[in-house]
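Same chain, two forms, each on its own as structure tokens: structure 1, then structure 2.
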Structure 1
């Protein structure tokens, strides 16, 4: 197992070092910026969905879903980010205290 951990670490470091070799002219291309933004949004969405609805390899609907819903409403109402985080955490904590999830 440690071989794969070290191999993945070396591969990540090599990829990061290769990024420094890319000419700045290529990075200033609007298509590159658009693609990088799209990849970032896609990865963040995938992470959010996975962390909200998955527990191992099973699909679950628990306090996390309600917490994300409350946070989404708070964002929609343009609440400050710290308020969004506190409302989501408080929702999850209270629902878990009540025995749901």
Structure 2
């Protein structure tokens, strides 16, 4: 695991360095910028789905779904990130304490 931790970290740092090393106009194609933004949205959506429904290689409905529902309501009410995360944990923990999921 250490190898991948270091490799991924170095790769992410190289990404940041890239823009400071190449001449400014090189990557300014707006379509590339748009697609890069799309990838960010797509990956976060996919991660949201797997973190909520995946259990190994099966899809399940458990306390995490309720946690996400509560998180979504909190986000809709403009709660800050840390509050959303804590509410998610509380929801899942309380439901498990009650014997569900």
Partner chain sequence: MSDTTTRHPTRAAVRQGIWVGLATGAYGISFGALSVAAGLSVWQTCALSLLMFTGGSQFAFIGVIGAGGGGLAAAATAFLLGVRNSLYSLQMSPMLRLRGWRRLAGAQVTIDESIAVSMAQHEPTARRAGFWAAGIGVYVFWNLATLGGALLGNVLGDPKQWGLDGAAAAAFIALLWPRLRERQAQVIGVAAAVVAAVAVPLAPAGIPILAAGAAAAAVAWWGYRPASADATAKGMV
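Definition used throughout: the rigid core is the maximal C-alpha set that superposes within 1.5 Å between two forms. For clarity, every value in this text was computed on a predicted model and none was experimentally measured. Numbering follows the first chain given and starts at 1.
### Task
Have a look at both and say which one is the form predicted together with its partner chain.
Pick structure 2 here.
### Query
Does the C-alpha of residue 94 move 2 Å or more between the two structures once the rigid core is lined up?
After core superposition, the displacement of the residue 94 C-alpha between the two structures stays below 2 Å, so no.
### Task
Compare the position of the CA of residue 77 between the two structures after a rigid core fit and state whether the shift reaches 2 Å.
No; that C-alpha moves by less than 2 Å between the two structures.
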